[in-house]
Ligand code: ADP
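Next up: just one chain, as structure tokens, the form predicted alone.
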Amino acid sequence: MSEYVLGIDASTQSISAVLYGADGPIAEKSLNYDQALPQYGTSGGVLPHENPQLVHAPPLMWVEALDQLLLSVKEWPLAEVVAIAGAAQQHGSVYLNGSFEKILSGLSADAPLHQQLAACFSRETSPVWMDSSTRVQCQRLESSVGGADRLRAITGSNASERFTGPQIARFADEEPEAYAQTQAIRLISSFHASLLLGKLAPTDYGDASGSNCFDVKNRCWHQPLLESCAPQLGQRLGRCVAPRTVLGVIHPYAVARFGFSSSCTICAWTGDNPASLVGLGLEKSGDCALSLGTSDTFFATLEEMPRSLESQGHVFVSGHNKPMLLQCYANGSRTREAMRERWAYTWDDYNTVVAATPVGNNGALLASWIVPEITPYIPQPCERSQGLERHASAGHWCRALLEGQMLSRRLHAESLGLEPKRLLITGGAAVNPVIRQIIADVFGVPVTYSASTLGSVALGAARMAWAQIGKPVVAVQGSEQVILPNKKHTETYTQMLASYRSLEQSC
């Protein structure tokens, strides 16, 4: 009898699954929230709001999406799946009332999951990583431990408006009665694990790292920070466990409804960034990756905790249970798409005009943030340009955006002492050959890109499950490409770094 594992990625805009076996990944299936579940009214997986700082999603949509995804892969050999692991968009939180565990334990396989759990939420919407409405709570969090430097030393991050702790604190501040009715709070990852487990699942170290309440060196919740956020928060969050921890066997509901074996085990779910690092095979110090998605994420594996941290980077716990450095740029593909739409271009048009514009753009620079930025900290949308008034053509604007984004990625990576020995790129925008070459030229190192359509997050979750059952991980077989840098172009970009730094600091 063959053995398989399942890796699941509950991302911002979709949910995906990868079936993985002895020969590596076998099959993949995705479900887009907006397209498959339009009744929830989301756009890009989140609910529209007049205040751009408030970004929430309906957790019931995630429940229905998981149910539909697993129903859609019943032709897969689910009865031979021996373990399931998953990952979810980091920082988001789900708020559950006292009925959740009782209803969850008594589910009927004859009814959809979302219909049975509709009354289990003490908060109908969940803040996600794009929400930036918690500045007051972040300031309180810093003060509770003696300032920003001390908070960063404990948690590996500055106080972040997008992180789970400040988000919970805002809810408790503004809706104390609803908070009082909240028996349990789970990150999006541990909430999904709970659905498959049939009871409240603990949070793994990797996703807890993105909360501003987790002690990354001692691998535990930091009680004074929890108390600063909200009353009795530790009881509501539950315990933390190491990545890949086996939590128990699968819920009987999933056995009856989807066809899993009753002996299939559920591993602790993690955050998308710790899982992506595993999916990309970043195991050694100096292994770096740039993920080009809704947000751009630059991350690297470390062998030990760094002695100090630059204020705009984060230290999380990876899916390997090692430290990882991470920088998140909220203005990723959304900002690139906005520039393309400004000129009513297709991406082929966009690439054509960029290719016709000289490398370095004759010194013209653009720093553009259409939403509040994480790295560097830009609290409001902002755009600054230099030299573009002399170059009004679309090509100069389009090239300036791409070059400015990648100069920023290099600038902030270097501020953390990161010198990539190899740089992998992934995510939707990585398919663009013009963007790939600009990345190689800006960083001055060979860039590896795999044309495999497999998402690194779901693949990373599958690899974590596979390693948990004691099996050797198999590399993905795909049409891997290596993009070499042009040394002259790298010299041009190196000379532009100081000017770009000044432009960025002007916002």
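We number the residues from 1 along the sequence you see. Just so you know, these numbers come straight off a predicted model, no measurement behind them.
What comes next is about the form predicted in complex with ligand ADP, which is not displayed.
Worksheet item: Is there a non-hydrogen atom of T294 within 4.5 angstroms of a non-hydrogen atom of ligand ADP in the predicted complex?
Response: T294: contacts ligand ADP in the predicted complex.
Discussion item. Against ligand ADP in the predicted complex, would G428 count as a contact residue? Criterion: heavy atoms within 4.5 Å.
Written reply: Residue-level check for G428: yes, a contact with ligand ADP.
Worksheet item: With the partner left out of view, is T357 within 4.5 angstroms of ligand ADP in the predicted complex by any non-hydrogen atom?
Response: T357: no contact with ligand ADP in the predicted complex.
Worksheet entry | Distance check, S11 to ligand ADP in the predicted complex, heavy atom within 4.5 Å | Yes, S11 lies within 4.5 Å of ligand ADP in the predicted complex.
Worksheet item: Given that ligand ADP is left out here, which of E142, E337, D215, E80 has a heavy atom within 4.5 Å of it in the predicted complex?
Response: Answer to the contact question: E337.
Practice prompt. Could you tell me which one of C398, A413, I250, I435 places a heavy atom within 4.5 Å of ligand ADP in the predicted complex?
Written response: Residue within 4.5 Å of the partner: I435.
Worksheet item: in the predicted complex, which of 102-110, 285-293, 224-232, 191-199 comes within 4.5 Å of ligand ADP (heavy atoms)?
Response: So the stretch in question is 285-293.
Fill in: Residues from 327-361 in contact with ligand ADP (non-hydrogen atom within 4.5 Å) in the predicted complex
Going through 327-361 in order - heavy atoms within 4.5 Å of ligand ADP in the predicted complex - the hits are S333, E337, W347.
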